[in-house]
Every structure is written in C-alpha cells, then in structure tokens.
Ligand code: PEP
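Form predicted on its own, single chain, as structure tokens, below.
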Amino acid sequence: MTRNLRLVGRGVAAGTAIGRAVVAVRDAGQVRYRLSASGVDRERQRLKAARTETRLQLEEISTRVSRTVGQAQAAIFAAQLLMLDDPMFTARVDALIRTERINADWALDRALGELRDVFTREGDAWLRERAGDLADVGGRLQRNLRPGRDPLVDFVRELDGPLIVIADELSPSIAAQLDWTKVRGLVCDVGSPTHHTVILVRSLGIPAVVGLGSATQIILPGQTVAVDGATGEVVIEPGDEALTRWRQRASVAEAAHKKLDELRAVPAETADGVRIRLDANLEIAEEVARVNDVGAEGIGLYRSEFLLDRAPASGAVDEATQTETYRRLLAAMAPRPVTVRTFDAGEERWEATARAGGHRERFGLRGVRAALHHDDRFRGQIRALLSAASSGHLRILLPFVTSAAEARHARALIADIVREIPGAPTVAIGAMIEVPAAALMAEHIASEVDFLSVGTNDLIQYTLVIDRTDERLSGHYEPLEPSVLRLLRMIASAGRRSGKDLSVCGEMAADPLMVALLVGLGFRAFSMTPAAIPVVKRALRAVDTRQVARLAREALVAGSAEDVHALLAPLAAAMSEEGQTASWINR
C-alpha cells in the first residue's frame, strides 16, 4: 500500500483537510470504498435485489422478443440469464464483498474485469463473442444496484466522515447534492479555478486541489488523505509525524481565520478611507448562514441554476419550490439585498437527456437567451421571485446579456408578468456584463436596467477564447491580460457615467490583489465567495486608492500579463503582512 506519497496539483480552494478517500470515476458513475463489518450484509442484499430485478427484466425481454421476432433471437437473452447463475460472475461478486469488504459496485467491476481477461486469454472466438453479452448483463446489473440515483451521493450519505472525495471530474449537479458535513476535501484529476464545481466548494469553505491527472488511479479507497487547498499538496497515508504536522497546519489556519473574524462587523474601506462594498456569492440557499457569519453586506449573486442541479430527473423545478427557497433566503438576509441571477443555463441544463450526458450546450444559447427561448420556464421563475419578494430586499439579475435590445426584451417580458400578478412589488432588474460585446456596449445596456454586475469568469474566457473548464488551457486563463483590463476599465467608466450601481461578482473579486487593481480601475463594490470576505477586507486596509489608480493606468498600457504581475509585486508584499494573505495572492 502506498504510504506518505506526496502529489502536487493546483490549489483552488484554500484550507486543510484530512479524511478517508472515496474514489469516484466517470462522472461519479463508479464509486469505490471500503466497507465496515456492519456494511457487508447491506451490500450483499443490494446485490441480491439487483440480481432479482435484472432477472425479471431479462425474462420480460426474452418473452417479448420471442413473441415479436422469434425464438432464435430470444435465445440471446436466455444465455444472458444463464450468466446471472454462473459462479464465476455474481457468486464471485458476492465473494469479493464478503472477503475484501468492498462495495457491490466495485466488486461487480472487479468480477467483470476478471471474466473479460478469461475470455481474452482463452482465445476462443465463441467466448470473445460472449464478451458483449457479459458487458450487457453487467451494465444492467450495475444500473439496478442504484436505480435512478447517483451512487456517490448515496455512498457519502451512508459512510462516516470525515471523507475526501477523489474524482476524475465532479459535475456541479453531483457536488450540489453531496453531504458536505461529511466531505471535508475534494481532489480532482482535472479542473480549473473557475470550474463551477470549484466555485461551489470554495463557497462552502471546502479545500480543493485539481489538475493532478491520475489521482483516481493512485489513491486507493479508504486510504487516509491530507489536502492543502492553498498549496495544491495532497499526501497519501501520511505517517504519524506527518499527520501531526498536518493537524497543526489545520489548527494554524483555523486560528488565522478566527483573527480575521475580528473584522466581521467593521465596514470595508481602504487605507485612505474610501468605502468599499463587499457582498457574498451563494450557490446553495441553505448555506446562507455562512454569508451572515462573515459579515457580508448582502448577497451580490445567488446562482439560482443550482436549483436545477438538485431538481428531479426531468430537470424541472416547480414554482412553489422556487418561491419557498427564495422566500427563506430573502427573510434570512433582510433587510440586506439579495441579488438572484435568473437561471444561467444552456440547453444541456434544461433537457433530461443532457442531464444524463446526452449532448453539449449549443454555443451562445444560454443565460437570458436560453430563458427567452424557454419562455414558460423563465415566466415561472419570475413569478416565483415576485411571489417571494415581500420577504426581503430582492434584486433580479439577467445573465449573459449581450446587447441593450436583449435587456429591453427581457424587461418587457418581466413587465408583462408583473401586470398578471395583483400587487406585485417593484423590483430592481440588472444585467450581467460578461462578454466583450456587452463590455463594449455597457453604457447602452445600463440605460435599460437598474444596475450592472460584471462576471469576470466568462468575460476572461470569451475575451481570450479559452474554455475555462479545459485543463489543457488552464495556464492561458489569465485575468491580468491587458486586453481584459481594458474591457474592465471601459465597463467601470460606463457605470460611472450612467450613475447605475455597478459591482464585480466573478472570481477576480475573491483575490485581494485583483480587488486592489479593480479598485484602481474604478470599481467600488464586489461580490465573492463568503470565505474571501474577511481576507479581502483585511487586505484593503493596505490599499491607497491613489496608488492603485496609478498602478491601474500603468497596467492598461502594459504589454503582457507578466508585466502587470511585476507592477503589482510591491502591493502584494504590502498586503501579505506576516504572510497571512500570501496563499490568496499567489493562487
């Protein structure tokens, strides 16, 4: 067994965690973990139930085919039924569960692999043809082990924490359903700082490391794993001395955050007394307590599309459920404002086939465009928001707006819905500026809405033509590219001329050094993951707005991102007093 092996990836969510590994591959379709003694019988019963269901299905298929096509074709499924009784197959699965104490899904995968090896080794053509039948039976049995449910979500619910999830890639829909009181860290083979799953776990304060390449192949289920989400370090089975050091590291980090908590009730302002507004981003409404804990002035971005990830397989989320979610969120934050972004979802989020991996999003049909295309769903969400509005201070934010015409169209539709609801309150409507077209026309878009919010994640990826979820291009995703900074300066100027409220809600707002530069560009309001608020608030105390304005002017005429980094180095040193914010600045 591998011990004290150190892996290094990219730290994307600061913090330290230690726990037992749960390994998930192929988008959590296969999950592996070790069983306790009490869990063996439960897994054997799952296997027995799945085998019974598989038998009934194959018998029904065989009967139907015999009746409609012929007995010769039905014999295919009769042969598959015999496989269920083969001692080399299901009996072997049962034996692996009993003797090696591994979950049924893992045992089934092991048994299938052993049989495939036998078929290949024998070299018999007839046996090789049976491999397809074996895969068919095995796949059906695997599906029947957990019909209609995601195995990772269920396994985490059944296991004792603390756990570290080791995944090739974890989708936001699965991440949103995990019990994060048990899962204390996340390690992924692929990913980037702006992947939606990373944004989610960062908001929950969960340490995460991505880009390890083969962690799911190296780390074994049940092994003790230590994770540092700031440095990107992952250690497998640390020895006693190393484990002590890791626990000390976790204690130091906790103490540092307690010190930062002293700033919770203090307004954010720069060294020269300029007031800065710090709001929080939120993905899961039930986590609103985290927003209150860090002293956020409001919720600057509630990503409502995470409601879709937690919806039934149909992809629908009814109005009553939405209304209740929004009402609880608004009441918990009242009288502070809550900005709810309408579903920022492309077709892959709306359609049931896509929820099972059916197809990719069609380029450009997302955000407000998808909402207007799926008119009934957009109407339903707006009705739910308006029904909940009396519980607090609601603002509605329209995502992926590319022109003033789109903003005008969406506002007209919202106005129609308001007229249908007696006594509907007046609610501020805003637009996200997150594509170059919107940045260039920000002042015109501002004339159609009540406020603007800059989404830097998409603005960067569309400006630089980089898919931020593609780990091959992660090194090219650079917020400090002068082209990006020039667009941001253009947006800040448009916001000032329009007199409309303007904030930044992308991941740049979670980095103290980036926030300082954005202040220099003219921004005065930011929304970020809750954990970043006390860190950014503390760092702003080292910022003089005149100094960062001068730095911003120099950055705008720089030739490269490297030149901008060099310009900001002295400010980074001033911010990282006693090294307490260095992990954020250097990420």
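Model, not experiment: these values are computed from the prediction. In this text, residue numbers run from 1 along the sequence as written.
Heads up, the form predicted in complex with the named molecule isn't pictured, but that's what we're talking about next.
K.L.:
Wondering, does residue 80 line up within 4.5 Å of the named molecule in the predicted complex on heavy atoms?
P.N.:
Taking the distances in the predicted complex, the answer for residue 80 is no, it never comes within 4.5 Å of the named molecule.
K.L.:
With a 4.5 Å heavy atom cut-off, would you call residue 455 a contact of the named molecule in the predicted complex?
P.N.:
Answer yes; at least one heavy atom of residue 455 falls within 4.5 Å of the named molecule in the predicted complex.
K.L.:
Quick check on residue 201: any heavy atom within 4.5 Å of the named molecule in the predicted complex?
P.N.:
Residue 201: no, not in contact with the named molecule in the predicted complex.
K.L.:
Is there a heavy atom of residue 299 lying 4.5 Å or less from a heavy atom of the named molecule in the predicted complex?
P.N.:
Close contact is absent here: in the predicted complex, residue 299 is far from the named molecule, nothing within 4.5 Å, heavy atoms only.
K.L.:
Could you check which residue among 168, 344, 511, 228 gets a heavy atom within 4.5 Å of the named molecule in the predicted complex?
P.N.:
Selected option: 344.
K.L.:
Of 398, 104, 505, 141, which one comes within 4.5 Å of the named molecule in the predicted complex, counting heavy atoms only?
P.N.:
It is 505.
K.L.:
Heavy atoms within 4.5 Å of the named molecule in the predicted complex: which of the stretches 331-339, 432-440, 93-101, 266-274 has them?
P.N.:
Careful reading of the contacts points to 432-440.
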